[in-house]
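Single chain ahead, written as structure tokens, the form predicted alone.
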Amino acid sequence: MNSQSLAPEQLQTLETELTTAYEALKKENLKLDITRGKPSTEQVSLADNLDGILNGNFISDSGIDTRNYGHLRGLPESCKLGGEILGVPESQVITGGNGSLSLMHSVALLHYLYGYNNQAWQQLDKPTFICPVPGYDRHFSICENLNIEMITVPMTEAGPDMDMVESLLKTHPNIVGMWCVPKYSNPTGSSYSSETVERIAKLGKIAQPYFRVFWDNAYAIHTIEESPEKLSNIWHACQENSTEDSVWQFASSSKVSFAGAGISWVAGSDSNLQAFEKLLGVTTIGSDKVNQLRHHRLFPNRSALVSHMQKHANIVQAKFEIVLKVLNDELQEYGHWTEAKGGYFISFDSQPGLAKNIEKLASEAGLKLTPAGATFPYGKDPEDRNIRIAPTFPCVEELEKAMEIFAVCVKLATVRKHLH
């Protein structure tokens, strides 16, 4: 039913029906949450063999006693795994702790305080990041934490609007960086086209020397496709264009093994890694190599990793299908959404001006949604329409109920808008 084409009396009847359904849901006193892209208990349990896997043997294949200090860049075995995921040689990788977010913040802090050839971002007038939107709220939080301004460009199915990105770089010398989630992007699920990757690799030719792309490949291996499209290799593209310094790459095992006890990686050029290693040397005498070794024993080769991720895909795909079925069956006339082929999110766009109201209605009915506006810098969605749906954490029954509430709230907010 298209609410926009209904006569006022028909809208009133529909509003009454939806209000009755909504009030019935409220009386169930539910407490449901689809706010964040967390793996489910079933998913993290796939890596339970990490417990006891070392069996008292703390010496790595490379002969390192992982119980002791040292080896700032991490175990060679761990750097090799990170290199395989990111598509770079292990010599271009540093292995860190349980989350890549801390690595991203540390790298941003490195440039903000010390910079490139002594050109620190903090010395510039209003240092600014390009932020494709809708995007990842924690990226925006890093910028806010360092008082870095943000300017948005729209996401397309092929990645950021590169015409706009290139235009901004040519006219704004204070642009110091750009956020990218190149595969199964958060939250749209889009993957960058080969052309987009190539154009990003060339940005180092038109940007200032201190400009850096933060290539957060968080979902590099999180596919639910049988034959996933391969993401073009940004490292190779940068080598071909002599722009290796312009891109930092990040990844982690946070949604591969234990979300709270994984490992992470940062990859970059020799000069970038040397600068970062110098900063690391001030803050730590070495990361958790015991945990790195545990992960190496669990994933001794790429084949073991691929097999493990297929188990994740089997769990996640079923939940994506639940969400998409409700959207397709119930909300065709009420909004637009992405049908992601991997990652952790589905991006839903309501009719303009409704996202905050939908969030409020859902909250009152016992369903927590990601705050409206979170997918935009400063939490301000100019059209107030984007809502990020994170289906992975709840069990199937809870997710089905959550989507029932979501559909009713979207319809109710839309009908009430047309009535008034």
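On a predicted model such as this, the values are computed, not experimentally measured, just so you know. Quick note: we count residues from 1 along the sequence shown, nothing fancier.
Absent from the display: the form predicted together with a small molecule. The rest refers to it.
- The candidate stretches are 224-232, 100-108, 122-130, 147-155, and the one lying within 4.5 Å of the small molecule in the model of the complex by heavy atoms is 100-108.
- 255 is the sole member of 296, 289, 319, 255 with a non-hydrogen atom lying within 4.5 angstroms of the small molecule in the model of the complex.
- In terms of contact with the small molecule in the model of the complex, the residue from 140, 192, 219, 248 that brings a heavy atom within 4.5 Å is 219.
- Residue contact with the small molecule in the model of the complex: residue 136 places a heavy atom within 4.5 Å of it.
- By the criterion of a heavy atom within 4.5 Å, residue 181 is counted among the residues contacting the small molecule in the model of the complex.
- For the chain shown alone, residue 188 is not a contact residue for the small molecule in the model of the complex, no non-hydrogen atom being within 4.5 angstroms.
- Although the partner is absent here, residue 211 is not a contact residue: none of its heavy atoms lies within 4.5 angstroms of the small molecule in the model of the complex.
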